[in-house]
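In the form predicted on its own, a lone chain appears below as structure tokens.
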Amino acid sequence: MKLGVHKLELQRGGKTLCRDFSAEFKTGQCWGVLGPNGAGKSTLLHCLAGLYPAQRGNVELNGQTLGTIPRRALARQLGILLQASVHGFPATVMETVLQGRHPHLRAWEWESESDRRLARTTLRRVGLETLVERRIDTLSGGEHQRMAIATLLTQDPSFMLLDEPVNHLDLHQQIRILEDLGTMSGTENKLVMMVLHDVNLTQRFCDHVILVHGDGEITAGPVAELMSSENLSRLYAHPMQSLPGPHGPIYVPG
């Protein structure tokens, strides 16, 4: 299964963020999205999810243009984690995470015990199994973020787009979440695409990378081919050098 973009052009605020970009993203792959602030990383992710219109070109899911797929059917296949989630009503962690099952339910259908088991499993994966009955307005920023990730995992789409998934997380939780997501792409045949700010986390946990330059240029390909001191120096307009590390090169400012 694949998500494809063809001759994509994206603009925002009069600025061209993406020009003539074509690529294919397949299940079983883990992609990192890198680029300077304001380059268009989130806009690209929103376009791939069908939330932001392209000025030119199109996005296809398994050969079908994204805009022709009914939203409920699309949500069974593709899910997105936004940078910030707004919850208008008080609820428990379990009630919130179960919202991930809504695309799979018929109108007025209640969640089944199978849905609840899946929700409990995903809460355990992100380390929130003891907070099932906690009200979400009592959670810390990091707990909110892990709950949002659990909601996406409970949705169980084949294509998962995550905008800064390790935002608000301490180092231990960052590694735990990224290890799980990186492994999931292969063991559960998911496409995982993550906007990240840390080039070394991208190097360690992703097998493919998208470099968003912010001037319309976007390049995509295997980490082993695109992650280099030269490419990263040009991407961030700052000298970068690589040092040997236990999981591959470590990139530091020059």
Partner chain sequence: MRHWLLFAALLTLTLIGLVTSLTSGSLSVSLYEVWQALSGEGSGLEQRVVLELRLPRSLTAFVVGALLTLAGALMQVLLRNPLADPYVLGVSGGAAVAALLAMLAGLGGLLLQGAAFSGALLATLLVFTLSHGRGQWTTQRLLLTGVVLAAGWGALISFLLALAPGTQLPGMLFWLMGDLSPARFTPWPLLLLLAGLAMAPFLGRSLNILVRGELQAQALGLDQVRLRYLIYVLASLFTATAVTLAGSIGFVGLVVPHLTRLLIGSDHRILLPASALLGGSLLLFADTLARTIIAPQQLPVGVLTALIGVPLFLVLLQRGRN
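Positions refer to the first chain, counted from 1. Note that this is a predicted model, so its numbers are computed, not measured.
Keep in mind that the form predicted in complex with its partner chain is not shown, yet the notes after this line are about it.
Against its partner chain in the predicted bound form, the set 51, 110 and 155 is in full contact: each member has a heavy atom within 4.5 Å. Of the candidate stretches 166-174, 121-129, 98-106, 179-187, only 98-106 has residues with heavy atoms within 4.5 Å of its partner chain in the predicted bound form. The closest non-hydrogen atom of residue 80 lies within 4.5 Å of its partner chain in the predicted bound form. Residue contact check for residue 26: none of its heavy atoms lie within 4.5 Å of its partner chain in the predicted bound form. Although the partner is absent here, residue 141 is not a contact residue: none of its heavy atoms lies within 4.5 angstroms of its partner chain in the predicted bound form.
Although the partner is absent from this view, residue 75 contacts its partner chain in the predicted bound form, with a non-hydrogen atom inside 4.5 angstroms.
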